[in-house]
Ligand code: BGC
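Here you get one chain, nothing else, as structure tokens; it is the form predicted alone.
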């Protein structure tokens, strides 16, 4: 459990000088510690509620966590073979991959190309967007295979990382555009026929086998190389998780009469956990972020742990301590740059936490360069502590979701594949999350520090590339075996 009061710094790390700080600064630091510290009993309370909400999301009535069935109906064995294309449509780039699953267990070869998505396409007309994507695919095929018109059709897994409803694995009804896209006439419609029309018009030899979410891809790609992988997570700009559930535990699919032990990949979309505000310890800063967001009252969990919001929480604290506090942070200085919403991202906090110098001079340089502010030595100490508190809270809350799935599924020992910029780049995120898991699940202390935790969160494989190709392979295999559940167009699989 984190202690209240000024924190003793790790050996050799920058500290600022909070112990010598003016009383008002110390008081504000302690107040921030009270607001942002989550002790073990609270972690357990959040996790208990999380388990109930996961179950509720699978029910006929549903809940705030959508728990979307993905129609991925098996785990990879590592013995899958064949060559598959994968298309990854992100917010900035389009990535096309050719993934060859080799005869060697759990091994693959990949060739890939990236294509920049022109900004004007994001707010243009739908036909231009799908036409551009089809052109990129055609270019990729011709580069690696020659004349596309003389080829048979390649199976494709399409990673479409936008909120979509999937009643079938080969459809995706766009709920809403995100990541700067705003193209009329697509929301509320199935994107697959639009995409396929552009392919057909250009004679691109591709058949869409599976439309997937990047989190589901992360789970499948990680399970292909590591049989102990049971959960896939994204901790990046947003946050999410996926795992395999038994159909007998999914009442909202009961009408399909699937065998109860049939596996079903579930894309949790857990950023919506506790939208009702029952257990998450929200601060006034969290409330301000929610109020000014495009969709107040939604994505409550995500707004406390995802990279998009961590820098903004920090910025709001700094502005508040300048405007409304007896501490008068940055007194007499122009903080106009700091007043710009979302001007600081999680990499700003990462840089503060990575400052190992005793006098925090790298943090001082960061504030001077980016914000035109020169904090005092004591203010640097508060800045450092605020960054630690925000980053630690995010990691500890993230662990509640992992613990909840583990408890729900009865996993005593497993691996969790995690991806995303916060997991991969934010200092101490992994260690803080691991410590929280230990506290929630009451693991005994390790005899050997190098010993693996019962549930270990590890770096994931490439979900949106290799994962998409694998899901295409798994889907073709189950159709061949006669499992047609969740297939909209069986004719495409012949």
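Positions refer to the first chain, counted from 1. Quick caveat: nothing in here was measured; it's all calculated off a predicted structure. Between two forms, the rigid core is defined as the largest C-alpha subset superposing within 1.5 Å.
There is also a form predicted in complex with this ligand; it is not shown, and the following applies to it.
- Take this ligand as it sits in the predicted bound form, overlay the site C-alphas onto this chain, and none of its atoms lands within 2.4 Å of the backbone or a C-beta, so the site here is open.
- Shown alone, this chain has one stretch from 322-330, 233-241, 365-373, 257-265 that lies within 4.5 Å of this ligand in the predicted bound form by heavy atoms: 233-241.
- A heavy atom within 4.5 Å of this ligand in the predicted bound form is found for one listed residue only; from 314, 411, 130, 162, this is 162.
- Site annotation in the predicted bound form: the residue of 123, 249, 178, 225 reaching within 4.5 Å of this ligand with a heavy atom is 178.
- This ligand is not drawn, but in the predicted bound form it has a heavy atom within 4.5 Å of residue 214.
- When this ligand is considered in the predicted bound form, residue 299 lines it closely, a heavy atom lying within 4.5 Å.
- Heavy atoms of residue 269 reach within 4.5 Å of this ligand in the predicted bound form, making it an interface residue.
- Once both forms are fitted on their core, the CA shift for residue 278 between the shown form and the other one remains under 2 Å.
- Once both forms are fitted on their rigid core, the CA atom of residue 174 lies 2 Å or more apart between the shown form and the other one.
- Core-superposed comparison between the shown form and the other one: CA of residue 355 displaced by less than 2 Å.
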